[in-house]
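Given next, in C-alpha cells, is a single chain: the form predicted alone.
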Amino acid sequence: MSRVLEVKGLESGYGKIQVLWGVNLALPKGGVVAVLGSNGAGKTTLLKTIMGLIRPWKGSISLYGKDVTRLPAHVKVNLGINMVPEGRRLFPDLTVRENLEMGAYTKRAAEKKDDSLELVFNLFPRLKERINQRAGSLSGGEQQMLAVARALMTRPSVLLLDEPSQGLAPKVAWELADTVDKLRGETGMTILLVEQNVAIAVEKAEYLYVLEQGRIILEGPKEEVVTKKSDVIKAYLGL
C-alpha cells in the first residue's frame, strides 16, 4: 500500500527544549493511524511539526513523495493536509455557517464550497440544524463537530486529529469517533489520530504508535500491539 505521509527522524521542540527525538511514522493511503501516549509525551508537538506550525530541527516530512519538511502550514493546506487542533479554536461569535466558510479560504476550497457544505452536513446533521447559531453557544460535542467540519472545508486528503474526544461525554465522544469511519467510506481520506482515549484509538485505527518522552517506543498493527501484554502496554494503553 502506498504511503501518503511519511516522517523520518523528526526532531523538534520549543526554544532550547527538545520534545521529539528521531520520530518515524508512515500513513498508508486511506488508512487510519493512531498515536498514543500520556500527557507530555509529545503527541501535539508531533502533529504541529508535521503541519508546519512548529519548525522541525531535523528529519524529513514527505507528502505523496514530495518533501514538505519546511513548508509553512498554509502551503501544506493547499497541498491537501489539514489539522483539527486540540481545543477546537473556533470563532465563538461567528455562526456555524460563517465558521465553515472561514475554512473554505483557499482557491481550491472556495471552488468546491457547496460540495463541501453538503459533505459536512451529511456527516453532521446537527450542524445543519444550527447553521445560523453562534459557535460559542453550541454544546461541547457540537463544537468539536464544527471544528472537524471546518477542517474538511479545505478538502484535505490527509487529516490530523488532535485529541478529538477530549472533554466530551463518552457517548458523544464515540459518536464523533464514528465519523472517522464515515470519512473513510465517503472520501477515502487518510487520518492520523492523536488520542488519549485508548478504546477509541484501538477501535478506529489499524496501526498504532506509542509515543513516550518524544520517542516512538512501540509500533505495529493494532492486533499485534494490543495482544502484547508487556509492562509498556499495561502502562500506556491501560490493558
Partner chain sequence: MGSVLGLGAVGLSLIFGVLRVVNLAHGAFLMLGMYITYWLFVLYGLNPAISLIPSFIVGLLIGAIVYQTIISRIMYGPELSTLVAGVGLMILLEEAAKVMWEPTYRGFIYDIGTVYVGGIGLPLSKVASALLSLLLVAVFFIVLYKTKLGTAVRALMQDPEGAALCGINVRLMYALMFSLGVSLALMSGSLIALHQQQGINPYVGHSYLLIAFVIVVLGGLGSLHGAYVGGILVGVIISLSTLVFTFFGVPQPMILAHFIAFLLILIILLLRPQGLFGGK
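Numbering follows the first chain given and starts at 1. Being a predicted model, the structure only gives us computed values, none of them experimental.
Keep in mind that the form predicted in complex with its partner chain is missing from the display, and what follows is about it.
The chain is drawn here without its partner chain; in the predicted bound form, the stretch among 163-171, 117-125, 137-145, 77-85 whose residues come within 4.5 Å of it by any heavy atom is 77-85. For G103, a non-hydrogen atom is located within 4.5 Å of its partner chain in the predicted bound form, even though that partner is not displayed. At a distance threshold of 4.5 angstroms between non-hydrogen atoms, A199 is out of contact with its partner chain in the predicted bound form. Heavy atoms of R184 never reach within 4.5 Å of its partner chain in the predicted bound form, leaving it off the interface. Using a 4.5 angstroms limit between non-hydrogen atoms, I131 is distant from its partner chain in the predicted bound form. Contacts to its partner chain in the predicted bound form (heavy atom within 4.5 Å) from stretch 90-115: L90, F91, P92, D93, L94, E98, M102, G103, A104, Y105, T106, A110.
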